[in-house]
Every structure is written in structure tokens, then in C-alpha cells.
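Here we start with a single chain on its own, the form predicted alone, put down as C-alpha cells.
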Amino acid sequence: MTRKLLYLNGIAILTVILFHSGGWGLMAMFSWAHRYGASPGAAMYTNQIGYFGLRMIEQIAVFSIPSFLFVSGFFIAFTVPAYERTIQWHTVFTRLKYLLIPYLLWSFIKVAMLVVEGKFPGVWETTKLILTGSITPAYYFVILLIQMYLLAPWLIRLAKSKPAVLLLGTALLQILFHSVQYINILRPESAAGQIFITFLPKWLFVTRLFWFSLGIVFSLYRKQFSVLFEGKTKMWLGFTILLWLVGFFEWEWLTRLSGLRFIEHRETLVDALYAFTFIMTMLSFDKKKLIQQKKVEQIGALSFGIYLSHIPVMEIVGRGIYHVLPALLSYQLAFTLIIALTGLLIPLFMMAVVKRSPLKRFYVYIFG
């Protein structure tokens, strides 16, 4: 089971890279069109294949963050001996150390990039951005995970005594969060939308607590959960494909209702169901039938370091193409592929170099 979860982690980080590279492709389509002589957003209409290709990539990847949290919850509970009521705090603090130090390092790298651009927001604003994981749009996940680990002692204790209560309570929170997302999507400027944006930011633990709790409960009751997925690959795969399609068209419908050409993707109820069925699908697969199993598992084991380092790599490559080769921006799928490949291969190269250099003793403080 642990190898399947590493594989799931590997698939999740690969799709995160695709998701973020697709974001750069959409930026080229909607915000950088002037660099190749088009009007803003015109490429959406002249390059329908490119637009829908990028949207498909975006929709596929929405399972990634739930999967990361599910796997993290599983492994944190896996370390707890059966005779103990919950995890020891020293174990939690050890995990936090290897999250916080690399996170701060890469956050300061991002701050340095802002300084070079002349966009330094000031000490107090920078502190707030780092504390909320907002120094880049993707780093909120680290702050989210830190909160989950801090809650782990209580979550594991509750999972051991009342697992149904934990799952039901966090599932209701998840449903509430996704329900209010529709207000944020359709009426972001309304009073209700502003309240939800203020009090339910995506870095706050309540927005994703279900997935971490599900991983904990699954870890503690693996045999009981196995009846959900063993021998049911076709069923879960069918649900996953169906919900992916529904989620794709749902977002197009929501975009039209918003009256905007493009809105930043947020997870909906359909996306949450898709993420759940995707996780069940991966757990149900026969290990022998997993594609490139060992390589994907290796990438899964390196996922945190890749997650932190691919963000600045993509930004440097994307902005470099903007300035040096703007004509490439008109080919959004090709541009996205280049961003994705460099976003994966350069971090892997950096990690390999550090492991083989005198800096190897600091590897865990750089990449986790």
C-alpha cells in the first residue's frame, strides 16, 4: 500500500506541474497576447484547440492537492504504534522542521526575485505573505500542511476513538467550503463573496481538513477500507472519467455565468467528488499494471522538493520566453509543454547535483 501511495504522490506532483504550466499557457493567451500581436484573449477564439487543451489539463489536475493531503495523513498516522493513543509531539515537530526550513528558503528566493524586479512589497507585507503562503499562489499548500500536522495529535486520537464522527464532521466542512466557492466564483465582489474570501482563505485548514482526516482514518483502518476499492478498478475509473467530464463542462458553464472570459479555477463540489474517485481508482489498481511504477514512485518521494522549486523555475523560464522569444507565446500548448518539462527536469537536476555535492548534508533543509 505504501508504494501505491508514493505512486499517487508522483502522479499528483506531475499533474501539479501540468496545472501550473497550463496556467502560464492561459496567461500567454489572455494577458500576453500583445507580445505576439493579438488582442487580449483573442487567442481563445482563434485557437480553440489550445484553449480547451489547457482547460483539460487544468481539470485533470484538481485531484492533486486532495491527494497530497490524503497521503500525508496516511503516513503521519502510519508512524503511530497501535498501543499509543496518538502521535508524539516530537515526531510532529520533526516533520515541521523539514517543511518549514525548505519553505522559508524558497520563499526568500522568491522575495529576492521580487527585489530584482523592483517589486519588493516591504518587510511587513512580505512577512504576511510568507505566513499565509501567499508569496506565490502555490505555496499556500505548505501552510495548509503545517496546520494539518499541528492538528494531527487530536485528529489521530479522534480517528482511533470515533472515526465516523471525524469523517462525517470534516466531510460536512468540505461540502460547506465547496458550496460557498460558487458565490466566490459567480459573485466575488458581493458582500457574501468578500466575507467568504476573507474568512475562508485557501490556506486555512478547514478548507481541506477532510482529505487529511480521510488519510488518517484510512491508515488506521486499512483492512476495513479495502472493500471500497479492491477489485473495483473499472467502477472507480468510470466514475473518475465521468466526473472529470462533468467538472470540465461545469467550469465552462460557470465561466459563462460569471460574464468573464476567464476566471481563476477554484475547486467545486464536482471537483471534490472527482478527487475522491481518482484516489479510489489509484488504490484499486493492481501494482503490476501501474505505468512506469518505479520512476513515478521515485518522483513521488521527491514531491515536496519538486513542489517548492518548480515555481521559481517556471517563472524564470516563462518570463524569459516572454522577453526573448515572444512568438512562442502564440503556440500555447507548445509553450505549456516547455514550461512543464523545465519545471520538472530542472528541479530534479538541482536535487541530483546537491545530493552529489558537499551540500548533500543540507539536502533535507533545501528540498525537504
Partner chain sequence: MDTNQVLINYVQTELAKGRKSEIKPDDDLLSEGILDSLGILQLVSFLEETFDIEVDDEDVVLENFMTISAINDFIQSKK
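Model, not experiment: these values are computed from the prediction. Numbering follows the first chain given and starts at 1.
The same protein also has a form predicted together with the partner chain, omitted here; what follows describes it.
Participant: All three of 120, 308 and 312 touching the partner chain in the predicted bound form at 4.5 Å, heavy atom to heavy atom?
Facilitator: No, the whole trio is out of contact, none within 4.5 Å by any heavy atom.
Participant: May I ask you to choose, among 239, 225, 78, 262, the residue with a heavy atom within 4.5 Å of the partner chain in the predicted bound form?
Facilitator: Going through each option in turn, the one that passes is 78.
Participant: Just one of 120-128, 199-207, 95-103, 246-254 has heavy atoms within 4.5 Å of the partner chain in the predicted bound form; which?
Facilitator: In short, 95-103.
Participant: Under a 4.5 Å heavy atom criterion, is residue 287 part of the interface with the partner chain in the predicted bound form?
Facilitator: Flag for residue 287 set to yes.
Participant: Does the 4.5 Å heavy atom contact test between residue 301 and the partner chain in the predicted bound form come out positive?
Facilitator: Close contact exists here: in the predicted bound form, residue 301 approaches the partner chain to within 4.5 Å, heavy atoms only.
Participant: Taking heavy atoms and a 4.5 Å cut-off, does residue 91 contact the partner chain in the predicted bound form?
Facilitator: Residue 91 belongs to the contact set for the partner chain.
Participant: So, residue 294 and the partner chain: in the predicted bound form, are they within 4.5 Å at any heavy atom pair?
Facilitator: Within the cut-off, so yes.
Participant: Quick one: which residues from 347-368 get a non-hydrogen atom within 4.5 Å of the partner chain in the predicted bound form?
Facilitator: Residues within 4.5 Å: 355, 360, 361, 363, 364, 368.
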